[in-house]
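As a starting point, one isolated chain is supplied in structure tokens, in the form predicted alone.
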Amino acid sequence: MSNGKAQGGSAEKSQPIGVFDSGIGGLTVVSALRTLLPNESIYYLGDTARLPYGGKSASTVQRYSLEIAAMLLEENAKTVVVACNTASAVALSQLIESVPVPVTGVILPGARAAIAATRSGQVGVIGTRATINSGAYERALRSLDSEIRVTARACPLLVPLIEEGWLERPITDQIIMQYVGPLVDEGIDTLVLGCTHYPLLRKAIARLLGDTITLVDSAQNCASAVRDLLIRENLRAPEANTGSLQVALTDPPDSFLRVAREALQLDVGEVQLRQVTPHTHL
């Protein structure tokens, strides 16, 4: 989703794509962007001082998102990518209204991919409590196909397991099946990984569910939507550009940065520490 406010001047095309998340999970989106758009520079800002957003009220997540987006604009971001399902669920409309460059969330691209993938019209969605309670995926899916049947499930234990680096453990398999088993019993043939942490468990989930259920990865589909937006808005970086990646966090990184870096094979370089400026006005 874009607000179409950027114009695509030559200097502007070389400016970075600004990406934010409540923490480091959004690096799954960065990884997908790096693969798809290697000549684009990316400035990633993880709000690690205030994570997780998944348990916060909608008004708090909206305020945090506007503050972080303002910091990305200070880095001359030519577009803002909301690499956080919770922020996409509850703050995207405010961001589109307030941010003077195009904005992309992760929910609509994921919903579009799920509609394209499902054969039976039965789609499952897993995510944080805030994302699932918002009903954002159901609304997005039904706006695309009013006949779709959606079963959604909050999975609050998955993010801590991922951040601990327990990506291939028997206990993790058991918890995945506790959450996803009832969705399988409902007859879903497509499962939306509705949290940007979850692609790190994609291998485990695919192994447990087998070939009959298609997994829709919000990170990959978000990256495709950003590519389409850059083409539409005439903002693609010149082909000769060597894309760079700068990672900044609002609190020192913990062990999850190592987990994400190794799992995604991302070279994040030296991490900047940035202090949030509260009540930054866009």
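The first residue of the sequence shown is number 1, and the count goes up from there. Since the model is a prediction, treat every value here as computed from it, not as a measurement.
Although it is not shown, the form predicted together with D-glutamic acid (DGL) is what the next lines describe.
With a 4.5 Å cutoff on heavy atoms, residue 123 does not count as touching D-glutamic acid (DGL) in the predicted complex; it lies far away. Residue contact check for residue 79: none of its heavy atoms lie within 4.5 Å of D-glutamic acid (DGL) in the predicted complex. Though the partner is left out of this view, residue 111 does not reach within 4.5 Å of D-glutamic acid (DGL) in the predicted complex, counting heavy atoms only. Using a 4.5 angstroms threshold between heavy atoms, residue 257 stays clear of D-glutamic acid (DGL) in the predicted complex. In summary, the region of this chain contacting D-glutamic acid (DGL) in the predicted complex, judged by heavy atoms within 4.5 Å and restricted to 123 to 131, 184 to 192, 200 to 208, 70 to 78, corresponds to 123 to 131. Proximity to D-glutamic acid (DGL) in the predicted complex, defined as a heavy atom within 4.5 Å, singles out one entry of 159, 180, 150, 136, which is 159.
Residues 84, 85, 86 of 65 to 101 are found to place at least one heavy atom within 4.5 Å of D-glutamic acid (DGL) in the predicted complex.
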